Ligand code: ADP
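There is one chain below, alone, in structure tokens, taken in the form predicted on its own.
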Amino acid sequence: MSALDEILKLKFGYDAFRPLQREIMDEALAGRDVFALLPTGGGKSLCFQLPAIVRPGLTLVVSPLIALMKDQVDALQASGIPATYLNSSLGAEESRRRLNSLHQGDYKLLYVAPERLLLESWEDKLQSWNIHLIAIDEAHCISEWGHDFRPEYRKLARLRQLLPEAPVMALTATATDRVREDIIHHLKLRQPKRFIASFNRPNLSYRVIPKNKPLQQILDFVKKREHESGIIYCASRKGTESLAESLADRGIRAKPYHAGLSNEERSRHQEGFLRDEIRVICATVAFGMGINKPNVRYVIHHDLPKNLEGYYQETGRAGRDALPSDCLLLFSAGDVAKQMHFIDELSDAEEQQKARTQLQQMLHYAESSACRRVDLLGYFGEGWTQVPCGACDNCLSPRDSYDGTVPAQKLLSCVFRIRRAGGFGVGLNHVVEVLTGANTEKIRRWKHDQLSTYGIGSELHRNEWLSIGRELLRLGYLSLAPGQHHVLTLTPAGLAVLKEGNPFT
């Protein structure tokens, strides 16, 4: 048995390494740069924690989350591994004590946030601490195309100049090809060995349901699992507090968790959740949980996530112990409209376009009738052919389909006639208003009440038309004109449905 195997068993209690862990550690111990993409629950932390024990000197861990630092350091100390963290949650006296211990070489691992790391006063400290490995956790934060971009991560390349001999290990649980290249480029990794694990989490099941009386839907779901732990993601701080209060009023041990709470409150709620005293944590999607709790049995999204990467990482906090766990997304057109409104308020045009593209991908996932696993893994460039997967709503209960050729032709025709009549395009909402015969100021001003398609869709409800429109977008019969406010244009495929009467299911 090697030293690594012995420490794995003795300090961490595991009998065997997870896929790629051993290979990643061997590269780091050989002093080479590493890029590691392991899914949430794939054991990223161990990849730098175990080498830190084996080799002399200090391992520097860059982490964006205070909660994650405390959680990991507590676990390491409980296993007898000298580790510490420095962040804004500590008082001046405690910070000084830890700095003194670092100068004396008392620790094997130091967790620190990127903002503090790059203060000028830290340069001499870093060079005097005998740092032998730099681990950049949540490395996707360095990319503007990552789901959680942090500008301060861009400055981490400075570490290469300060500590040229120390190998760098970049770790993330979620990254598209574009984000991977960004990480390697911006961190100035030197010919890194790349380790890419499968994104598939076989123990997770995925389900999307129409959002209708969400509190009742969540209550029904949670009460069937009252002895299990879960995380519910909400779009706003107010939403997390309101939902946690409503659940608590109905006898469910629930607490909120977001960046607006005091450090003490967040810490208290986190500890209670880790000890199973609190069963449900209601958290903002903007604030990373960073809670390493293996027995989270479900993750619910009360609101639509902004992008698929964030959604994947958040659902990945369920079932880290490899036991079956559920991921539920409540979906409504109202949530889409809210997100669109936030995007419209962004001042940067490129940022707007990026956000629209990401939202569109999220929308396609939520409304797709295909296997959720195929859609999710396909986003990260991984093929999945074992369909039905047996663990998503679309595979377990395939949706009824119907011949939608006539409604599709009506909507496509309306898009075509609006553009031909005025020489400009409009958004989906306006097209639906024309189809349903609405009497709005814009319709009167643009004389769209005189079009042959005005009112021809009154047999369907407005939400049904919006859903058909989004499906036509998803299937490529319509597209959103780049750089414009959600303006619909007909694609060649859409024109074929319109002119040739191609069937549409």
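Each form is matched to the other, and the largest set of C-alpha atoms that superpose within 1.5 Å is called the rigid core. Bear in mind that the values here come from a model prediction, so they are computed numbers and not experimental data. Sequential numbering from 1, following the sequence displayed.
Not pictured, yet referred to below: the form predicted together with the ligand.
> Is N307 near the ligand? Define near as a heavy atom within 4.5 Å, in the predicted complex.
Output for N307 is no: heavy atoms all beyond 4.5 Å of the ligand.
> Since only the chain is shown here, I'm wondering whether R18 would be in contact with the ligand in the predicted complex (any heavy atom pair within 4.5 Å).
Heavy-atom contact with the ligand at 4.5 Å: present for R18.
> Against the ligand in the predicted complex, would L46 count as a contact residue? Criterion: heavy atoms within 4.5 Å.
Yes, contact at 4.5 Å.
> So, in the predicted complex, is T453 in contact with the ligand at a 4.5 angstroms heavy atom limit?
T453: no, not in contact with the ligand in the predicted complex.
> Within 4.5 Å of the ligand in the predicted complex, counting heavy atoms only, one of 472-480, 53-61, 453-461, 32-40 shows up; tell me which.
Stretch with heavy atoms near the partner: 32-40.
> Which one of T284, S229, Q313, Q358 is close to the ligand in the predicted complex, taking close to mean a heavy atom within 4.5 Å?
By the 4.5 Å heavy-atom cutoff, the listed residue in contact is Q313.
> Are there residues in 363-382 with a heavy atom within 4.5 Å of the ligand in the predicted complex, and which are they, in order?
None of them.
> Just checking, between this form and the one not shown and with the core aligned, does L498 shift 2 Å or more at the CA?
No; that C-alpha moves by less than 2 Å between this form and the one not shown.
> Answer yes if the Cα of L215 shifts by 2 angstroms or more between this form and the one not shown on a rigid-core superposition, and no otherwise.
No; that C-alpha moves by less than 2 Å between this form and the one not shown.
> Looking in the predicted complex, are the Cα atoms of D71 and E245 closer together or farther apart than here, the change being 3 Å or more?
Distance between the C-alphas of D71 and E245: longer in the predicted complex, by 3 Å or more.
> Between L68 and R237, do the C-alpha atoms lie closer or farther in the predicted complex than in the shown form, with a difference of 3 angstroms or more?
Compared with this form, L68 and R237 lie farther apart in the predicted complex.
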